[in-house]
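Just one chain follows, in the form predicted alone, and it is written as structure tokens.
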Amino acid sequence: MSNDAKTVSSGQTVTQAPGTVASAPVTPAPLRQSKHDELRLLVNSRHPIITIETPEEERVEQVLLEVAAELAVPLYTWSVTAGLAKAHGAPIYNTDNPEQAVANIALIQGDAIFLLKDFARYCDNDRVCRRLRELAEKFRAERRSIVITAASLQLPPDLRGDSVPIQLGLPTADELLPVVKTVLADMNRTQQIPLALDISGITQLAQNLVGLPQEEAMRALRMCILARRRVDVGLLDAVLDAKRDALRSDGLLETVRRDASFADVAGLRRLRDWIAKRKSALTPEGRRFGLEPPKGILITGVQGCGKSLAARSVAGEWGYEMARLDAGALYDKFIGESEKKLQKALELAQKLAPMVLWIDEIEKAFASAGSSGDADAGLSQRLLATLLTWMQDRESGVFLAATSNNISALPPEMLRKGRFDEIFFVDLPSVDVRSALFALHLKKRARDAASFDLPALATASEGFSGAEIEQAIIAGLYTAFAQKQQLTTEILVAEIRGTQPLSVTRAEDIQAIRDWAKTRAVPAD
């Protein structure tokens, strides 16, 4: 068989036989190098206690091993099951007890790094806390650091002044790439699963796994390979689906399939034009011209008129991934946890870039922030401050698409110019748009729109929203089936006349929304 030359990111050319994975050197990932440098700087600058909140324990240990080797200092690790031990060495006798472990650390001479796993939970013990404070005082004069890590940690107040937190963050595509290559090579060798992806395909595979912790990403990859028994282009979509399932179980961000575009939307001409123009800023030509990447839009209006569908359509038009932030899932009974959840979700969104971040009914999360804060002890205000800071400082690549049914409930600082690129108002559909909506929904249900009197349906449905038009068609299908006949214009008109739309039952509320939007928002249609 002939060999194919493949070029990798380091600029070297590597000979790769078909069905194998190149083992070429990989350029260090910028984020990983940044965390590596940050840890090295903290140790060199005599920070006695460093905390890392992450479930990726093995990844932390690997980075610390690299830092320790670079600084030529030993790395010691501790866990309650194994005790204290030099990396890859035998444990020191009787050090599984937390207080005894700290006492032994005090006896070890010379520069060193000590990784204490899940140790924060033992720091509430007065003697353990006191010993750590005494160690911190000594370590300030030496190049000795204690690194405490756990999936979730909270140090007692006495220790917080001596500690500095560091965020490891989720692995980037560049970090995942060498691990993905290792897994593919292992599956090829042990399972005889053929490889039909080139270097660009493998790189895309790593990109599709971004957003998951490293071990979880590799488990998802192995599961998809074993289920399919081949590594080909189809694997790219398979790992995306696996990632969506994993993120959905986390409860913060739910990745949404890119299954909508403005071809599925009737009306909203101005919004369509705005999105089409901003797409040019995503191209190399637009960036060279100096176009600023769009930040986001807020879509408000009458319920059932397609706000959520319009937000989802942005991802389809631009070819972006999309994730929905569940505002209700942010709230936690423990102080500080809600803010952490939001920060984690926003960090994850940045990792998944380029993407559209969709916050549906945003007023549900931040409405109380516009009041004194007594209703929830200021939690909404703190969450709002976290979101606004991110909106101001975030890198390009995440487009925020928020929807609101009651925009007047939102605090004014969220609505000021610059937070969103534009605020669009979606009103009840006009007669022409209602006709187009009937055609769309009839076609969706395998009915020939030309066989219906669309102008008559549009006239009969005055004041109906898009959702109410869809429900009228669904109800009409049930009626036609019960009467053992095909769906007709007459059946649909009867269903429409038997329905009281929202514009009638809540006329005052809708008029209030319209009055607000007259001077504060751009009509979407």
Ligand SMILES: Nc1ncnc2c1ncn2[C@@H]1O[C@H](COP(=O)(O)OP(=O)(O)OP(=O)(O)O)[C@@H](O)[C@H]1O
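One rule holds for the numbers: they count along the sequence shown, beginning at 1. Because the structure is a prediction, the values reported are computed rather than measured.
Separately, the form predicted in complex with the named molecule exists; it is not shown, and the next lines address it.
How about A456: is it within 4.5 Å of the named molecule in the predicted bound form, going by heavy atoms?
-> A456 lies outside the contact set for the named molecule.
Is there any non-hydrogen atom of A266 lying within 4.5 Å of the named molecule in the predicted bound form?
-> A266: contacts the named molecule in the predicted bound form.
Hey, in the predicted bound form, is P171 touching the named molecule, heavy atoms inside 4.5 Å?
-> No, P171 stays farther than 4.5 Å from the named molecule in the predicted bound form.
Evaluate A87 for contact with the named molecule in the predicted bound form, applying a 4.5 angstroms cut-off between non-hydrogen atoms, and reply yes or no.
-> Outside the cut-off, so no.
Which residue among E254, E142, D198, E361 has a heavy atom within 4.5 angstroms of the named molecule in the predicted bound form?
-> Comparing distances to the named molecule in the predicted bound form, the residue within 4.5 Å is E361.
Contact residue in the predicted bound form, chosen from A385, L440, V164, A281 - any heavy atom within 4.5 Å of the named molecule = That would be L440.
When the named molecule is placed as it is in the predicted bound form, which of 273 to 281, 224 to 232, 109 to 117, 298 to 306 ends up with heavy atoms within 4.5 Å of it?
-> After filtering at 4.5 Å, what remains is 298 to 306.
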